[in-house]
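Below you will find one chain, with nothing else, as structure tokens; this is the form predicted on its own, and questions on how it binds or moves follow later.
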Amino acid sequence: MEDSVLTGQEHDPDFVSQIIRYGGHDVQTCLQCGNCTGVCPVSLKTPYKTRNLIKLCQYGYKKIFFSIPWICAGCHRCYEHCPADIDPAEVFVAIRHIQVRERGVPRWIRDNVGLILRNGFGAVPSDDIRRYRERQGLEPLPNTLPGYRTALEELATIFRRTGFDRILGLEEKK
């Protein structure tokens, strides 16, 4: 992103108003001071810093924003330190809403929810993990306990009744 030449074709004049419509603050008031990046717990782990992401929003670079692997911990520390009273975490929530509405639910979320519905975990523990827990004298994993299948069925019912399974495209996979 930093080495790219921007031609202006990437500009979406409605991006800022979309962010506001979906609950984000007006990013145009951002001072680009960088306080948000300085307190962000994930900023050291990603090349896409909060301040730069907000700048993409200010310039209306929605396509670029959607094409990069950004991340937000949702801790709101950025908000606590923002002199312009912007809450970047809420801006990123709004952008997630925009992405889902325009591009659908990301595949990794669908896959992860499918794993949770089938196994009760987003990452299924391996047999090595189960054996390790046994050797350490830890409690069995919840998905091996009585009543766990009932809990998964209740979760599936909640997803079905709220339409969450339809939104994710999981209703056919049951």
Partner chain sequence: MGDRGGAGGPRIGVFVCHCGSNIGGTVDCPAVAEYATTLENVVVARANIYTCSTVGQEEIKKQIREHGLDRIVVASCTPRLHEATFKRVGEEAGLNPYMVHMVNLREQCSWVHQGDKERATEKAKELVRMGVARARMLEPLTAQELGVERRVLVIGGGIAGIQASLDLAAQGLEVVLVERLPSIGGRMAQLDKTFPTGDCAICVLAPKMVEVLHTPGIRLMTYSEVREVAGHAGSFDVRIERKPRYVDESKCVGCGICAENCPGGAPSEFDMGIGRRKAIYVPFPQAAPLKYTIDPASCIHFKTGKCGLCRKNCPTGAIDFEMKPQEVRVRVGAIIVATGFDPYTPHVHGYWGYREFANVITALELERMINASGPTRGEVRRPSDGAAPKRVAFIQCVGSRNWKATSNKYCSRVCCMYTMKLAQLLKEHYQDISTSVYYIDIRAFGKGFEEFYHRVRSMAGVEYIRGRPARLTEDPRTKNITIRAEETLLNKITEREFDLVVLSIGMVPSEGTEALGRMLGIPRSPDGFFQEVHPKLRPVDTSRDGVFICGCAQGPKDIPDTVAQAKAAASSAAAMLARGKVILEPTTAEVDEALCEGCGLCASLCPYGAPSLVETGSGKKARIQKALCHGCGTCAAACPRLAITVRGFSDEQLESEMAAALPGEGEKVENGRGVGG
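Positions refer to the first chain, counted from 1. All figures in this text were calculated on a predicted structure; none of them were measured in a lab.
Beyond what is shown, the protein has a form predicted in complex with the partner chain; the following relates to that form.
Hey, in the model of the complex, does Ala84 get a heavy atom within 4.5 angstroms of the partner chain? Yes - in the model of the complex, heavy atoms of Ala84 and the partner chain come within 4.5 Å of each other.
Would Ile109 count as touching the partner chain in the model of the complex under a 4.5 Å heavy atom rule? Outside the cut-off, so no.
Contact flag, Ile116 vs the partner chain in the model of the complex, heavy atom cut 4.5 Å: Although the partner chain is absent here, Ile116 would stay clear of it in the model of the complex, with no heavy atoms inside 4.5 Å.
Please check if Leu44 has a heavy atom lying within 4.5 Å of any heavy atom of the partner chain in the model of the complex. Leu44: yes, in contact with the partner chain in the model of the complex.
Which one, Gln136, Ser126, Gln32, Ser67, lies within 4.5 Å of the partner chain in the model of the complex by heavy atoms? Spelling it out, the residue with a heavy atom inside the cut-off is Gln32.
I need the one stretch from 33 to 41, 59 to 67, 101 to 109, 128 to 136 whose residues put non-hydrogen atoms within 4.5 angstroms of the partner chain in the model of the complex. Result for this chain: 33 to 41.
Taking only heavy atoms into account, state which residues of 52 to 69 are within 4.5 Å of the partner chain in the model of the complex, ordered by sequence. If the 4.5 Å heavy-atom criterion is applied to the partner chain in the model of the complex, 52 to 69 yields only Asn52.
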